[in-house]
Structure formats: C-alpha cells, structure tokens
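Given as structure tokens, the chain that follows is alone and in the form predicted on its own.
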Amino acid sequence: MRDVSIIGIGQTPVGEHWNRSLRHLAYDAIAAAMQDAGIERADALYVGNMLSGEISGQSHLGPLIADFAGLRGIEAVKIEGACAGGAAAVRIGYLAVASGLQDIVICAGVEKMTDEVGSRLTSALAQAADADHETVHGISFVALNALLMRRYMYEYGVRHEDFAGFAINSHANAVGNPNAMFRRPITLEAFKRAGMVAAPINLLDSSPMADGAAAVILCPSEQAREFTDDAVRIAASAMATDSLSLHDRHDPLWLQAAQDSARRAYRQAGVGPADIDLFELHDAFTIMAALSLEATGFADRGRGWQLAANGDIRPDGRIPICTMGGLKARGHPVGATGVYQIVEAVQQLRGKAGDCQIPNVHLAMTQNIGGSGATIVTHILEGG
C-alpha cells in the first residue's frame, strides 16, 4: 500500500444557492481544487451525495459532474453513506490511490437541500434511518436525536443548557470563516431562549440545512512534491458501521462505529487521542458532539458535555473542535459535509485557516457520521 497525500482543496461558501445547480456547485469546488493542485486531468472522480435523487431529481452524478468539469471519460461514481457520504468518497479515493490502481483522484461532496422545505426534505433525510422500524412510525431524524439526548440527560443527570457550549463554540469559530453560513456568535441566553424543534433539542442545538460543495485532490505521497509544497498526508483512513436502527444497538448512548473507526485510525497512524491537535467532529446536533468525544477517547462516558462547559473544546483548549464553525455554524450540506471537514483540516495543517487558525497544528482528525451512527468515517491528517 502506498502513502496518500492531499495536494489540492476547494470549496464553495455554504448557504442557500438558489442560482446554482448541483453540477455548478460541484464544478466550482472541483475547479478550485484542481487549480490548487495544479492539475488538468485525473484518473477518477468520487462524489459524495445523499439527496440528489430525492431533491434534485438527479441520481446519476458521477458522469454528470465529470462531464461538466471537463473530465469526460474518467472513472466517476456517486458514493452514498447518508450524511457520511463525503468522507466515504474520500475513503474510496484513498483506497484507490493507496492500492496503486489510480494516481490522481478527485474526491468531492455536493448537496442541494434548500430547493425543498418542510415535509419533503424531512422525509428525504429520514431515509438515513430504518424504514421498517423507525420512519414507518413517522419519526423524523431530529426526533431520533432528541430521544438520544433525553436518554443521555436522564442517565447522567445533565441539564439541557449544559450542551450550550458546543453551539456557542461553533458559532464563535465560524465568525472567522468566510465560507460559513452563520458568521455570528451566540450567547447562553440565546441558546436557552431558542425555539424547540423536538424536545429537548432546540433550534440552536441543530445544524442548518444548506447547499454547498467541497473537493480534495489525492495522489501518492511520493509524487506530492511534484505538485505542491503544501501537501498533507493522510495518516489514517477508517470506516465502521453499526445497526441502522437505534433499538438494535447494544447501547444507544454509545457510538460503537465512532469508537471502532477511531481505534482503527489511531492504530494505523500510530497515535492516540492525546496526540490529536484538533478534531473536526460531526456536530449535527449538540448531543452528537458529546457522544463523539466520548467514543473517540477524549472524554469518559457521560462526560463529553463537560469539555464544552469547561472550555476544553475552544481554539485555546485541550482539544479544539469545529474550528471553522462545524456543522452547526458552517452549515451541513449533508453529502458534502465530510469533505468540508477534511478541507478545513487541511487549511489548518497548512497554516492557512486565516482568523480560524489554531497554532502548532501537526495532526488533525475528522469524523463524519451517517444516520444516527450507522456509518462513521474517521481520517487522521498529518501536516508537512
């Protein structure tokens, strides 16, 4: 197996892109990444996406985007892993390059969500849950997370406002990210006043639905210097799964796939949680941030929320998370989110994260969650 490096990155601002189609958004990110890497062609294109068929009526994304990006003829395919589709696309690209089957690979994530609102979008997102045992009863995705949060609060004696630190941190970090959807801070008082979505989850516990696209270019590490002096090595890439439905899990308050993929990544990279300089976790809801920190070894069970309350997750804290706004404030264009996380980690490792820059970053970890934890992809990236 060959070492793999990221030699180019690109992204669009996250938001409501009424005048840009799926293909246009993907092109914008891919073109920027190709320019960053200094390439004109690639061997393959892997596109992470969740909702193109349901929302845009367009499922055959691989050749569509390859053709529109001027790459007609190359291997191109859509990768679906619910909200983890973006990181899954990078995982597939990583395997293609590491195996020696491909040399230059483009991994992109793209999503158009805001063309639909209300029940149709809610129903589309619910397809990441178990259709026979969860969505058949009318439960929405936010409601599934609300059940997790309520159980967590009950088991560990946690108040709802104890989760506020996650949202406050993400919004504070997004202020310095020109591509973030919500570039404004929030207060504890605003968090406590926010309208309820599905009790106990309120509006400021939740990431926004959004449009966006991001892309990375991969090549063998031994060739990376031919393209850039800013290459970032993929020190580890790992994926794990759990049951689709919450009721089939041994413990609904433990993200087993997060633990499994993180352990595999730590082992591959030869590091542990104490070696990670920043963690771009999947804060689709504040409860997921707490559960992720626990499953990946940064906090004891039932204590993930304390890292937010104590300030340990802030840019100057023990383990900075969501350093450019995370899903909560950057926005969560579901199939693209995992690629955004990796692009932002690369910016940090290059020392080019602008006002969001964390000092002395050497190792960054990203973790992208599909569904309520059924598919989880973890990457560890190493700066030059």
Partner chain sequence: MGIARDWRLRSQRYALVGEICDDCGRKIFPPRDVCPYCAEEAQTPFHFSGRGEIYSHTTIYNPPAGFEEFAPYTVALVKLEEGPLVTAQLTDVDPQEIAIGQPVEMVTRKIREEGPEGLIVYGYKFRPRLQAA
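Everything numeric in this text was worked out from a predicted model, so none of it was measured. Positions refer to the first chain, counted from 1.
Another form, the form predicted in complex with its partner chain, is not on view; read the next lines as being about it.
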### Query
Among 265, 253, 210, 168, which has any heavy atom within 4.5 Å of its partner chain in the model of the complex?
253
### Message
Only one of 114, 140, 306, 223 gets a heavy atom within 4.5 Å of its partner chain in the model of the complex. Which one?
### Response
140
### Task
Classify residue 119 as contacting or not contacting its partner chain in the model of the complex by the rule of any non-hydrogen atom within 4.5 angstroms, answering yes or no.
yes
#### Entry: Contact label in the model of the complex: residue 246 to its partner chain, heavy atom within 4.5 Å
yes
### Task
May I ask you to check whether residue 259 falls inside a 4.5 Å heavy atom distance of its partner chain in the model of the complex?
no
### Message
So in the model of the complex, is its partner chain close enough to residue 189 to count as touching (4.5 Å, heavy atoms)?
### Response
no
### Query
Based on heavy atom distances of at most 4.5 Å to its partner chain in the model of the complex, which listed stretch, 291-299, 306-314, 271-279, 120-128, is the contact stretch?
120-128
#### Entry: Contact check for 150, 155 and 199 against its partner chain in the model of the complex, heavy atom at 4.5 Å
yes
